[in-house]
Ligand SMILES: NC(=O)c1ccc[n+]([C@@H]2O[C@H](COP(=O)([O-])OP(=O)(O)OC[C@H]3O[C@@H](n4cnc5c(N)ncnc54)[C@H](OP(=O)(O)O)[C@@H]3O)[C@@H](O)[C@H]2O)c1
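One chain comes next, on its own, written out as C-alpha cells in the form predicted alone.
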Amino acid sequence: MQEDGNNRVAILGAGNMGGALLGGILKSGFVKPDQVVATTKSEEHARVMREKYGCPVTAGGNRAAVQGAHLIVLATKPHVVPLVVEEIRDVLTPDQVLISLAAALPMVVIEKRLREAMPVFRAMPNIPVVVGEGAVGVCANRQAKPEQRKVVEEMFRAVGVVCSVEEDMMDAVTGLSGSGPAYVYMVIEAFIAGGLKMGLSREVSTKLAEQTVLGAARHVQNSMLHPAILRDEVTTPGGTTIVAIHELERHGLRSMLISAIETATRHAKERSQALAKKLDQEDEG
C-alpha cells in the first residue's frame, strides 16, 4: 500500500456513486487521471466518463482494471458484487485492498469468494457525495492494516465526512445517513410549501429553505455545540419560534424521525440477512 500519494485506484462500476467518487478523488488530488481507471456497463457511458474526467474508462474489462491497482472499489449493485469478485479473484494479490460500496452486503460474502485472505472494506456513502458533502460510514475486516485504513478514509474524505464503525453498525449507518438525505429533502420540500402557503414566491421560498437547512447544519458543525443548545439560542420567551416548536412537538416530529431511522435500520438488516442467505443457498446449489 502506497502512502506517498502514488496510490492507484480502480473503480469497478462507475455509475452514480462510483462516478461521484471518481470525480471527488480527482478533484481533491487524491489521484491524478493517470492513477485511476474505471469500468462501466456500456461503451456510451464509458465515453461520457472519459470526456468528463480525462482518465481511462472502459466498458467491462474488470480484470485488466484491477491489475496494478492498490485500491479496488466495488461500486456495482449488491447482487452483482459477488459475480465481480469471482471474475477478478485470480488476478488479485494480498497487498491490494477491496472496498465494497454495496449496501446490505456483508464483508463475509466477499471474503468467501476470494482465493486467499486480503484486506476488505465496506463503505456506506450517501448521495451528497456528488457535491462533495457526503457522509460515509466505513468498516474493515481483520486483514486491514492501520495504514490501509488511513488511506481508505483519506480517499472517502475527498467526497465528504468519514466515520469508522464496526460492521454490525453499518445497517444503522444506512438507516441514518444512507437514507437520511431523503428525510431532509422532505423537510426542505415542506419548508418551501410552508413559504408558499404564507404568500412567498416559489423562488424566494426555495432559496430561503435551502439556505436555512444548509446554514443550520454548518452552524452545528462549526460551533460543535449540541443542536438543542443552538435551538434554545433562537427560542425567545413568547416568540414565534417556541410556538412553532410546540406545534412540531405536538405532532411528534422527533419521534417520527427517530422511528424512521429505526425502521430503515431494521429493513437494512433484514435485507442484509436475506441477501447473505440467498447467496449461501446459491453457493450450496
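Residue positions are given as counts along the sequence shown, with the first one as 1. Remember, predicted model here, so these are calculated numbers, not experimental data.
Heads up, the form predicted in complex with the ligand isn't pictured, but that's what we're talking about next.
Residues within 4.5 angstroms of the ligand in the predicted bound form, judged by any non-hydrogen atom, belong to 97 to 105 and to none of the other stretches in 163 to 171, 97 to 105, 200 to 208, 143 to 151. Although the partner is absent here, Gln35 lies well away from the ligand in the predicted bound form, with no heavy atom inside 4.5 Å. Although the partner is absent here, Val184 is not a contact residue: none of its heavy atoms lies within 4.5 angstroms of the ligand in the predicted bound form.
The shortest heavy atom separation between Pro125 and the ligand in the predicted bound form is within 4.5 Å. Using a 4.5 angstroms limit between non-hydrogen atoms, Pro78 touches the ligand in the predicted bound form. For the options Ile72, Val84, Met155, Val136, the residue carrying a heavy atom within 4.5 angstroms of the ligand in the predicted bound form is Val84. The contact with the ligand in the predicted bound form, taken as any heavy atom within 4.5 Å, belongs to Ser42 out of Asn222, Thr236, Ser255, Ser42.
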